[in-house]
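Given next, in structure tokens, is a single chain: the form predicted alone.
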């Protein structure tokens, strides 16, 4: 099994990376392979709703000059997805939001019924709003949102401060174990013939006519 860890922070070795590292160690102990990608600090385009991705056999975005198509490929290949973000103005990093907009516009249907989880890091507040914003991508794409023993967040302004958030790190370890268990259950069900549910998509109701 393979999980994609997407770091939505511009800092490769910051607090969000420390949080994801805690999950990575737990996945490794349970035999789960991990692919790591980072949004980074290079320019990221926003979605322009051109629809070109719908005509792409790879479900790629028309813009190929940032990390988005790498995320699309890795997410389609993986059995599970974890998205981490720092809290900026009580919401995810804007570059991450742009990447997620384009990833799910292009390939959201391909990610259906995969387990997914959001995590975040913050100095103090804005955490639950950030988690909710990320979870909406999963919930609108038929993904299975995995929970833990508390909100999946850590606090601190440096990785060393995050190390002191013992409950936060514990929550992330539990989250990694829960995701591993969920993927095992899905694989076992598929192995004995349980198919994914049928998804209806024919109805479209516009509010303005």
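This structure is a prediction, so every number in the text was calculated from the model and none was measured. Residue numbers count along the first chain shown, from 1.
Only in words, not in the display: the form predicted in complex with a small molecule, which the text now covers.
### Segment assignment from 109-117, 95-103, 80-88, 135-143: heavy atom within 4.5 Å of the small molecule in the model of the complex
Heavy atoms within 4.5 Å of the small molecule in the model of the complex occur in 80-88.
### Task
May I ask you to choose, among 149, 157, 30, 178, the residue with a heavy atom within 4.5 Å of the small molecule in the model of the complex?
It is 157.
### Query
So, in the model of the complex, is residue 122 in contact with the small molecule at a 4.5 angstroms heavy atom limit?
Yes.
### Message
Can you work out whether residue 23 and the small molecule are in contact in the model of the complex, taking contact to mean some heavy atom pair no more than 4.5 Å apart?
### Response
No, residue 23 is distant from the partner.
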